[in-house]
Structures are given as structure tokens and as C-alpha cells.
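A single chain comes next, written as C-alpha cells; it is the form predicted on its own.
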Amino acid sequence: MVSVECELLSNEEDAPGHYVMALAAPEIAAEAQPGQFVHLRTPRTFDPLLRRPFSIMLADKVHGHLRLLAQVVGRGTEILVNTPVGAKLEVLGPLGTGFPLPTGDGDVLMVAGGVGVAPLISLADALRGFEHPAYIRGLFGAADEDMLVCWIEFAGRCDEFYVTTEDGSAGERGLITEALAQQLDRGQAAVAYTCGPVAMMAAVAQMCGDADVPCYCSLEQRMGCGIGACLGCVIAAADGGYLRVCKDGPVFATDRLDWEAILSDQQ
């Protein structure tokens, strides 16, 4: 983990309110693992004070570049996405624990919802670099076509790719969990990975558990420090107590989490 000033190389809108930011960050890119994240501070200001966490979408270790997917949800992210190319951003990372990579035979299921696609792109990219690449079935769900952010990057790294939208504007009309049920019925899945809205991940966790398929999720949570000190991002654990998303995660085996309590806290 390092804290460095990184040059913003590009900042392009991929979908309404969603931007892909490229940063020159060789020290972080060299160490980054799929599922880890970085903490960014808005340039030349301490207002807003806290950094913003972003999953690493891609880490180019050869050229030392990071690609991040940012959704405008408030003043801090609005400042970030309007930062001019060439500016320097203060970046802390890589942070957190990443995805455990599959070790056996069988297909890999990846279930993305909205901006939750970012860490799964990183994971799929890493699996493509294996000597014996895993067979990846990618599932991407969103409310509508505009929310299928970076779908080309995701689809291009999958052997099979399925899309659902709630309004039917792209792919099949319905929820991504309906597509997941069909994929689980096929069998052959050795492991599943998911990132997206909490309700979606809770459903994916339940379905994979019922199908006896190990499942890992990447949680998105408000964070203060990003290093486990402030306890501002804790979530309920299945065996009692709490886990820190920034330090113990953001990747967790889904059976470690108390999904009922997590869903309740989201309401």
C-alpha cells in the first residue's frame, strides 16, 4: 500500500453519469490484485474531506496504469469526474483483500449488477492470463440499457455472456437472478463471483448456497479511512460480531455474512 500523486490520463463518460478514469499509478498497478480498491481524494481541496473508494477495474502492470469506474452520486464524485486530464490526484492503494482465484475444474460464474461490474472485469482479465484459462459465464443485470456500463469490456472477457434489463431495453426482460437460476440448473459451475446492489448479492448468495456452489462477493460501502481504523464500514458477520469491509474485505465468501442484517441496515 502506498499513497502517491497520480496523473489523470483520461476521463471518459461511458454511460450517463458513469465515467472511466485512467491514472498513471505504476506503484499501485504493480501490486494490485482483482477485487482490491483504491482511495481517491478530490484534487487540491479538503472539502469534501474524506477520500472516495473505487474498485480497480483494470490494472495494467506493464504500462503502470489503473482504470477506475466512477458513478456520480454526490459532490465528491462530481468533482472527481470533472477533474481535467493532466491533473494530479492523491491515491492510496491497493487496499483490501481480493478475490480468491479458482483452483479446480468447472465453469466460473460472474454476476454483475450496474457499477458492480468493475471488479469482475478485473477478475475476468486475470483469469484470462492463466496458463489454463477458466471458462467464464458472465451475467450482467441492470435497470435499463443505460446502466449496462462497460459491458463491452466485461463481455469481451467472458466465454458466454448474458444480459437482463428490468425494462427489456437490452437483453432479456427481467432480473439477473432469473438468468442465474438457469445457469445454476446447467450445473458445471465450480465457483461464483458477484458484485452489485446488496439485494441482488443477497439473492445470489442464497441461490449459490442452495446449489452448493461456493460464492464470493465484493461489497461496496461508504468508508472513512480505508485501512480498518475508523470502523465506519463494518457489516454483520454470520457467526456474530462485525467485519470491516475495507480491511477484512471488500471481498467475502458469502456464507461469512449475515445477509438479513445487512439488508436491514440498507433500509
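From 1 onward, residues are counted along the sequence shown. Quick caveat, the model's predicted, so the values are computed rather than measured.
Note that the form predicted together with a small molecule isn't included here; everything after this is about it.
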Point to revise | Partner-proximal stretch of 160-168, 145-153, 72-80, 104-112 relative to the small molecule in the model of the complex, 4.5 angstroms, heavy atom | key: 72-80
Practice item. Would you please decide whether residue 53 lies within 4.5 angstroms of the small molecule in the model of the complex, comparing each non-hydrogen atom pair? Key: yes
Practice item. Using a 4.5 Å heavy atom cut-off, state whether residue 221 contacts the small molecule in the model of the complex. Key: yes
Review point. Does residue 121 reach the small molecule in the model of the complex if we count a contact as any heavy atom within 4.5 Å?
Key: no
